[in-house]
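Before any questions on binding or motion, here is one chain by itself as structure tokens, the form predicted alone.
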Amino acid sequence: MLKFENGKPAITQQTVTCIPGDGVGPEIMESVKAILHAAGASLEWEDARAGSQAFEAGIASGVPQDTIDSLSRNKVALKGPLATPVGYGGKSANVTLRKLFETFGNIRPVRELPGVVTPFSGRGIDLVVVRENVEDLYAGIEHGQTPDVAQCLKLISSKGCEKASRLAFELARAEGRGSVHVATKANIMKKTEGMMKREFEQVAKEYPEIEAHHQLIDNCAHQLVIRPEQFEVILTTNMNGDIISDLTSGLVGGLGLAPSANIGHECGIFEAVHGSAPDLAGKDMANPTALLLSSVMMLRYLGQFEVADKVEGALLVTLDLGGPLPADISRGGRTAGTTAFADRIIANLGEHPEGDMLREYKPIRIPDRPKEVVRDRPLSQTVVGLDVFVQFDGYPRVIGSLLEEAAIGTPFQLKMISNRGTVVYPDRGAVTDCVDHWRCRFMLRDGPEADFSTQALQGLLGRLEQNGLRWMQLEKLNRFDGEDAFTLAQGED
């Protein structure tokens, strides 16, 4: 995104797609634009809409085509909070924007701010959560497989993990940070969360000056409460990052202070991550700090480092002086409305905070877009069996007998049946409260060299249906370069 002249970013007038958002979004956006204008930011605004207005107009994605076109032209957006239906309705417009423009990395910095008193004040919290931003459970690929059981696919790619890992190290290098932790649940999800751990460890070799650590995500959450000052950069998968970044925001005063950047190869979307607070809309009560700090991140992304420092410095001075603050951080003191707080910040433009409150920032090198679709091609790839997911209302011994019978005369033999991940057939003595969703694992009788043909598969499925068994999903059991690419059920040998 940055262009350089004589080794320094070249500052040009930048048109920014402006998405005010829902609820309090338009109010905080106007305040932020006023501050940026007063600070001399070299920006022009192109207004666009997303969220509630789009949903109400019947646009299921929450993002109109003209907004997509605007961001395609400008390659950068500043966005207020968008309302998302919970438990019903269309997709999250926030997630749609991130995925449409392949903003593969989400950056969420948190730091202790002057004048904001929390139980963690004085600990020197100053860290950044970097979150893979387009895959994992957040891909939102869900299916109701039976009336009682739904699934959500957790898709993790080596490419996605590699890019997010590289972004975390590049951010650490740009900000002069000495360590990066990757937080995963690789002890349980060895193929998916384990892939993030493995890719991180490979990328870390290219950044020998930065310490690289692995930590289980649950321990990371625990350590963030016990000793948050130990962290500088935390890298996670998408869902874990969503949760852990909100936790870190809570350590320094809440989501009203939490900026965010969604970084892609060619596009950046900067947003306040807090809710739209419809109950506060139109009352001049919302805190603009999160969106203002997001705009500071945007300015640095665009190479306007001096203006970014000027805006951030004015905010820090304003907070340090105390006095009227937004209600969510006033802690019972005098409160300032959205406009009044913005006016105070404008009045302090050009003032410098004391001490080392302002970190030195350098441009972040964004990872290149890989030219190939496939990153890792195995030398050998074989199929050793098949998982068939079946709907059945009954007991393990009954479905087991039906499956054994169905496999007679086919290349497959039944190895085990699991229910919610635990082996229930053959009987291992487990006490499982079964549901109507069964994973039935068939292995090729003659090993991986046996015929796994479509005709043989159709024969097995046909016999299942003849025995009154409704199947809804198939998964081949692959072996890549001699290593099984599937996990065992609890209790499976």
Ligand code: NAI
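Residue numbers run from 1 along the displayed sequence. Source: prediction; values computed, not measured.
Absent from the display: the form predicted together with this ligand. The rest refers to it.
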Are any of the heavy atoms in Leu235 no more than 4.5 Å from a heavy atom of this ligand in the predicted bound form? no
So in the predicted bound form, does Met195 come within 4.5 Å of this ligand, heavy atom to heavy atom? no
Please run the contact check for Ala168 against this ligand in the predicted bound form: heavy atoms, 4.5 angstroms, yes or no? no
His274 near this ligand in the predicted bound form, any heavy atom under 4.5 Å? yes
The stretch from 214 to 222, 379 to 387, 282 to 290, 352 to 360 that lies within 4.5 Å of this ligand in the predicted bound form, judged by heavy atoms, is 282 to 290
May I ask whether Thr146, Pro396 and Gly421 all come within 4.5 angstroms of this ligand in the predicted bound form, judged by heavy atoms? no
Here the chain is shown alone; which of Glu112, Glu162, Glu312, Asp328 has a heavy atom within 4.5 Å of this ligand in the predicted bound form? Asp328
Only one of Gly268, Gly250, Pro367, Gly256 has a non-hydrogen atom within 4.5 angstroms of this ligand in the predicted bound form; which is it? Gly256
